[in-house]
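One chain comes next, on its own, written out as structure tokens in the form predicted alone.
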Amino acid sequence: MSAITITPIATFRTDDPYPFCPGCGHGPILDRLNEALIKLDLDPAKVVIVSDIGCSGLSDQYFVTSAFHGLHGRSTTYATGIKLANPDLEVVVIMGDGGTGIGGTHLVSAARRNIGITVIVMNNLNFGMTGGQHSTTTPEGGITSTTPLGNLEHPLDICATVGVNGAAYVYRGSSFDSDLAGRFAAAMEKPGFALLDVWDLCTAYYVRSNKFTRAGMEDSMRSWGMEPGLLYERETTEYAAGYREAHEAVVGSPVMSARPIPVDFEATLDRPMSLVVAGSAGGKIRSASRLVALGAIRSGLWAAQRDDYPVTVKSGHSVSELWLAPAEMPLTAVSRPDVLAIISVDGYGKAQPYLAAMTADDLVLTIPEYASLDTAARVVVIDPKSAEKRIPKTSMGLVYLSAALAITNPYPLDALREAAGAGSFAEVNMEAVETGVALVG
């Protein structure tokens, strides 16, 4: 089984180069965020970066933290839920000016609740990823692909909007600010909702169309009545803390009582084990992986799940990575799985990096179409057509994961049966488990 190597972190940044256009301000903003995280000496495992759609949405993958990438304009909503679920986390939202317009109500609601998240707006005054269309912050007269004669709309003052609605810390500046890292750190230290409206240059579109420069950007802030600097700072009760205080006052406890998963079985696993199932969206891949994780927990193991799927719901890939271990371990991506199940064409396309990294000690379960895989791992071909009954697409993931557990035996199969036998899909799930076990004898 693959070993876990934990490298001390002197930076929150990965070594990967940014994908932004030359001269784009997004890169320097992320560099300053990295400096702020280092300055605050935070535990990377307790930092969550929530990203929006657009160029800014590419940011989270360059940080060694937890991350959540969601729908356009909804990043503050996801961040709110994360913070409420675990107030001890440092939650940072990275979004563009496009997202502030699309999700304006979410932004205002987060500010008036004073939820303890830090929002960094990469404001380049247009939609830079999709062709330079005007956004809610494009200034009057601004030339964009959708306003070739000049923008007629008044720009949204993001800072004033959240400031008058209760935000605890509001700052406006640019990617060129020498003290930007310090501003980020101060915002994260401030209890409550913090927003930093950071203007930067979109060299692909807005700069070209408007002959915009650094000096022009900084002069424009004042001429448009949008002064830079710290605009709002107030002491108010952070929402997650206030919510817990109110709950404790009524029921005597700041949180709901825990409902632990019972441990009724004993695992044989004595070191970390990674499993990956690569299939198609709509195939209940994540649900199947969750049942395997629940079976592991019922056996006294620690389990963690990481999912990868496209924005589409019923098309494209769906990949779940599972870690099972005798004790808690840092949540990390799987680079070389101990077990890999490939159950569809979509899954095969996403499985290539795993296959290349696997060794003779590892196991691949696959459908007959990929019997001749190019990998050093041991390959076991499972033909779904050899099952006694037709296997529905939505059961394939659980069938192959059950087969993998039957071969590797990290914990008793009865623990998986207990997990699968609960809920409204118990009958279907139990049939899938028994089918998988039977297919490998």
Ligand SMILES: Cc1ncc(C[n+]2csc(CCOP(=O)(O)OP(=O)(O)O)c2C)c(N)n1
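Each residue number is its position in the shown sequence, starting from 1. Note that the structure is predicted; figures quoted are calculated from it, not measured.
The protein also exists as the form predicted together with the ligand; that form is not presented, and the subsequent description refers to it.
Student: For the chain seen here without its partner, which of 119-127, 163-171, 260-268, 331-339 has a heavy atom within 4.5 Å of the ligand in the predicted complex?
Tutor: Careful reading of the contacts points to 119-127.
Student: Verify the flagged residues V277, H317 and G347 against the ligand in the predicted complex: is each one within 4.5 Å by a non-hydrogen atom?
Tutor: Not a single listed residue reaches the ligand in the predicted complex, so no.
Student: Counting non-hydrogen atoms within 4.5 angstroms of the ligand in the predicted complex, say which of A377, I391, C55, A36 makes the cut.
Tutor: Contact with the ligand in the predicted complex is made by C55 alone.
Student: Tell me, which of R112, R234, K190, H72 has a heavy atom within 4.5 angstroms of the ligand in the predicted complex?
Tutor: It is H72.
Student: Given that the partner is absent here, does A240 sit within 4.5 Å of the ligand in the predicted complex, heavy atoms only?
Tutor: So A240 does not count as contacting the ligand.
Student: Even though the partner isn't displayed, in the predicted complex is A325 close enough to the ligand, meaning a heavy atom within 4.5 Å?
Tutor: Residue-level check for A325: no, no contact with the ligand.
Student: Quick one: does D97 come within 4.5 Å of the ligand in the predicted complex, counting heavy atoms only?
Tutor: Judged by the heavy-atom cut-off of 4.5 Å, D97 is in contact with the ligand in the predicted complex.
Student: Check whether I102 has any heavy atom within 4.5 Å of a heavy atom of the ligand in the predicted complex, and answer yes or no.
Tutor: Flag for I102 set to yes.
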